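One chain comes next, on its own, written out as C-alpha cells in the form predicted alone.
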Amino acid sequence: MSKDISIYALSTCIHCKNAKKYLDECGVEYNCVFVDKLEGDERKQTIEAVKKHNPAVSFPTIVIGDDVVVGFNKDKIDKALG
C-alpha cells in the first residue's frame, strides 16, 4: 500500500535536496513544493498547511501518510514509509 507523500522544501536548502534524493533512491513517488518559489496567497496557504504539520515551519517538512518527518532523517523516513 502506497502512502501519499509530500515534501515541503526550500530550493536552496541542502537538507531538502538530500531528503528529495533519498526519496528518489527509495523509489517512492512524492509531491514536492518549493515554498520559497511560491508567491502571494499560494505561499501563505502553503505555509499555513506546513504549520498544521510542523508549527516551527522548518524545512524540509515531509508528510508521509499520517506521519510527519521534520528535517532530513533517513531512519524516521524509513519508519514512516513502513
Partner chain sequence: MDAKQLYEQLKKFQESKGYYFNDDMEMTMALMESLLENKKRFGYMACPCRLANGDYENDKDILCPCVYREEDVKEYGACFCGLYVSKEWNEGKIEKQVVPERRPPDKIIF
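Bear in mind the structure is a predicted one, so any value in this text is a computation, not a measurement. Numbering follows the first chain given and starts at 1.
The form predicted together with its partner chain is left out here; the points below concern that form.
- Within 4.5 Å of any heavy atom of its partner chain in the predicted complex lies no heavy atom of Lys20.
- Using a 4.5 angstroms threshold between heavy atoms, Lys52 stays clear of its partner chain in the predicted complex.
- The shortest heavy atom separation between Glu42 and its partner chain in the predicted complex exceeds 4.5 Å.
- The shortest heavy atom separation between Gly71 and its partner chain in the predicted complex is within 4.5 Å.
- Contacts of stretch 35-50 with its partner chain in the predicted complex, defined by any heavy atom lying within 4.5 Å, are made by Val35, Asp36, Arg43, Lys44, Ile47, Glu48, listed in sequence order.
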